[in-house]
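You are given C-alpha cells for the same protein chain in two forms, set apart as structure 1 and structure 2.
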Structure 1
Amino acid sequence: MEKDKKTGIGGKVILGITALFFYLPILYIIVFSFNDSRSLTKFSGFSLRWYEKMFADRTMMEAVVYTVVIAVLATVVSTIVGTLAAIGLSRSRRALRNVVEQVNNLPIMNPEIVTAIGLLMFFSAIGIAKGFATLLLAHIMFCTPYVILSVSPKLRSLDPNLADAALDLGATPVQALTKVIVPQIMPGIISGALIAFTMSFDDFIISYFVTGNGVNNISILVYTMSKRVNPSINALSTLVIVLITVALLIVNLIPFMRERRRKSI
C-alpha cells in the first residue's frame, strides 16, 4: 500500500515474531520427539527410541492406518459425489438450488460439536455400530460440502452452451460430462479434493464422537494419550507434521514449477 512497497524494520520485526509464534511449537515438538528422556522440558540427548516405540505400538500404527484409509476413501467418495452434485445443482431450479446450498452450509457454519452429537444420535437411532462405518459416513458427510463449495464457482464461470454443443455434435451425456465439463472445472475439483483430504486427515471432534469399538484416528489417540506424559505422541505428531507439510509443499510447488518450465521453453 505504500509507494515504495518495501516492508520497513517495524514490519520485519512483526513478521519475525509471527513466524516464531507459529513455528516454534511445531519445531519444539519435532525436536523433543528425538529426546532421549521422557521429559517434555529438558533435552538430554538424541535418540530414536520414541520412534521405535511408536512403530512397535499396535494401537498407534492402527490409528495411522485408519486415518489414512478413511481420509483416502472419504476424499474419493466426497470428490465424486460433490462434483456430480455441484454439476446437477448448477442446472437445477433456483428454489432447489437455494435450499440445497443452505443445507450444504449447515455443517460448515455449525460448531463441529453440534454436527458431531447430531450424527452420534442419528447413528445410534438407526442402529449402526460405532466404528469404521460410522467414521467413514461422517467424514463423507462433512467433506462433501467443501467439495461443492470449491467446484461451484468454476461451474458458474463455465459456458453452459459448451455441454449442449457437445451433445448436439453427437456426444453421449457421459462423454459430454467427462470430456467437456470435468476438464474445465478440474482446478476446482482438485482443490476440493485437497480440502476434503486435510479436513478428514485432521478431524478430531466429529471422529471422537462418532467412533467406537477401538477404531481410533491419530487425533483421538493424541487426545486420549496426552492425559499422561508419553513422548511417543511427539514422534506421532512429527510424522503427521512432516506428511502434511510435504503434501502441501508439493501441491503449492507444482503450479509454480509448471509456470517456470513454461517460461524457460
Structure 2
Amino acid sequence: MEKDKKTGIGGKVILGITALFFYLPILYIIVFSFNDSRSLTKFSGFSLRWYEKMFADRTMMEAVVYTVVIAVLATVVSTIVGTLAAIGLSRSRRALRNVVEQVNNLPIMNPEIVTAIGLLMFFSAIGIAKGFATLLLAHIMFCTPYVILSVSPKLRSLDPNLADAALDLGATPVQALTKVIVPQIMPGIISGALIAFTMSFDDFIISYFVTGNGVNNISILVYTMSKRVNPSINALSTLVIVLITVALLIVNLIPFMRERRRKSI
C-alpha cells in the first residue's frame, strides 16, 4: 500500500515536471509580450506597446492573414478530399486499399525537407510561379493524408451494410452519404480537420520552399525576424496561441452543448 502511494506521488511529480517543461515557455512568451522594455529576460512593467506595434506593422498583419486564409482553405479542401477518399477506399478491394494506404503514409513518414524539395521541383517543372497558389496547393497536399488517416479507422468500425440499408430504404446515394455515413464518422472528420489546420498553421519548411512574391506565413516571418531581436514576436506568438485556444474551445464546446440540448429535449 505504501509502495503504491509512493509510486502515485512519483508519477504526479513527473507529470508536473513534464507539464511545466511544455507550458512554461508558452507562459514566458505571454508574460513578456506585455513587457514595457525590449528586454526578453527582465520584466520592467506592464505595457501594450508591442501589440500596438504589431498591429501597426503591415508585414506582420499580412503574414497573419495569409496564415489564417491558407490554413482555413487547406483544412476545408483537404477535409473534403480526404473524407471522400477514405470512404472510397473503404468500399474498394483489400489489395487496392492496402496499396493506397501505403502510398498515403509516404508524405507523413517522409522528412519535410524531402517533400519540400520535391514540391519545389514539381512546381518548377510544370511552370507554376511560386506564390499564394503553390503555397495553398502544397498545404492541401500534405494535410490530406492526415485526414485520411483519421477518418479511415472510423469507417472500419462501421457496419459495411449501413449504406446499402439506407439505399434499400429509399435514400439516394448523396443522402446515404450525408445523412447516414458522415454523421457516424464525424468525430474522425473533426479530428482530421484539427490536425490539418494545426499542420498548415504551423508549417515552415515546406512553406519556405514553395512560397514567393511576398507571400509569407507566420512561421517564415518569425524566422526572418529571429536574426534581430524584436519583442513584437512575443505579441504575435501570443495572438497565435489565443487563436488556436479559441478554435479548440469552440470545437470541444459545440458537441457538448449539442449533447446537453438533446438531453434537455
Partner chain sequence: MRQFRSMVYPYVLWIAIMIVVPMLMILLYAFTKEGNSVTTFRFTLENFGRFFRDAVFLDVLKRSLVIAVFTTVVCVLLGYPIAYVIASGPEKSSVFWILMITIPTWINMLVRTYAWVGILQDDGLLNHLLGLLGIGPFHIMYTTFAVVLGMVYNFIPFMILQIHTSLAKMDKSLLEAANDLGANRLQTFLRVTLPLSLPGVLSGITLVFLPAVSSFFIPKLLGGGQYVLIGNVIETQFLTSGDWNFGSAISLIMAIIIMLSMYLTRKVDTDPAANGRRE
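Just so we're on the same page, rigid core means the largest C-alpha set that superposes within 1.5 Å between forms. This structure is a prediction, so every number in the text was calculated from the model and none was measured. Residue positions are counted from 1 along structure 1's sequence.
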Of these two copies of the chain, point out the form predicted on its own.
2
Looking at Thr245, what is the CA displacement between the two structures after core superposition, in angstrom?
2.3
